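One chain comes next, on its own, written as structure tokens: the form predicted alone.
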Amino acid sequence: MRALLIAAVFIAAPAPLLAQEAEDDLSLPPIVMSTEFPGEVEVEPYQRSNANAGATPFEGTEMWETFGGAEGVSAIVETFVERIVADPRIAEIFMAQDQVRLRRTLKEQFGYILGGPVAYSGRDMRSSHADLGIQSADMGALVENLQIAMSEHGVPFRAQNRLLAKLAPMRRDVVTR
């Protein structure tokens, strides 16, 4: 029965579907994240790389464990995103963004940088923030909200500062005006 269905599809299919032109490019297109993660808005194709996370990960798993592993990082990111979309200083920037992608990529980014068994699949910092018009004051508000979220989830002050030190160089790619 299955063979008959397959044969019927090939018989009914128009000729162009059955044959490839010799000059057709058979390489796969770059990854489009929305096809991989349900609920996300489609973005232009880009090259996936852990290097896009914007920082090298900590050695070992100490920081990952200090932040509570996957559960801890997820909880921190959820609190962080709730805070930034409610913060009148920066809410407008983040409310206009794909909240599903924002949460997922922040969890991946923090997890990867903290030395967890996590790969980062998001875009690089420069291109993902290019059109947001982020100013220095916006970055300050963002960091403040991240510190509060980490504190609310019991991350020791020293560990918070170590993560913030890893994230700080990204400022030059995120602040655009």
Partner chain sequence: MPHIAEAAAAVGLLACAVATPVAAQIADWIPESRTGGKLILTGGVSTLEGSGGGGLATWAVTSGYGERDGIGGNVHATYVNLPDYELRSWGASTSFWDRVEVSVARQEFDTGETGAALGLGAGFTFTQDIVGVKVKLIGDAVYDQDTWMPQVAVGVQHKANDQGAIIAAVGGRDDEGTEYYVAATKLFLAESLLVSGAVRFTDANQTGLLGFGGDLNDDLEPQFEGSVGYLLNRNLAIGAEYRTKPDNLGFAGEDDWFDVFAAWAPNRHFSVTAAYVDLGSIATFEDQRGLYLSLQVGF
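A quick note: this is a predicted structure, and the numbers were derived from the prediction, not measured. Numbering follows the first chain given and starts at 1.
Although not depicted, the form predicted in complex with its partner chain is the subject of the following passage.
With the partner omitted from this view, the residue of Asn50, Thr66, Gln147, Ser128 that lies near its partner chain in the predicted bound form is Gln147 [heavy atom within 4.5 Å]. Interface residue among Ala70, Val41, Ala137, Ala119, judged by heavy atoms within 4.5 Å of its partner chain in the predicted bound form: Ala137. By the criterion of a heavy atom within 4.5 Å, Gly154 is excluded from the residues contacting its partner chain in the predicted bound form. For the three marked residues, Arg162, Ala168 and Arg172, a heavy atom of each sits within 4.5 Å of its partner chain in the predicted bound form. With its partner chain omitted here, the record of contacts in the predicted bound form names 137 to 145 of 120 to 128, 137 to 145, 42 to 50, 105 to 113, defined by a heavy atom within 4.5 Å. The single residue of 74 to 97 lying near its partner chain in the predicted bound form is Arg89, the criterion being any heavy atom within 4.5 Å.
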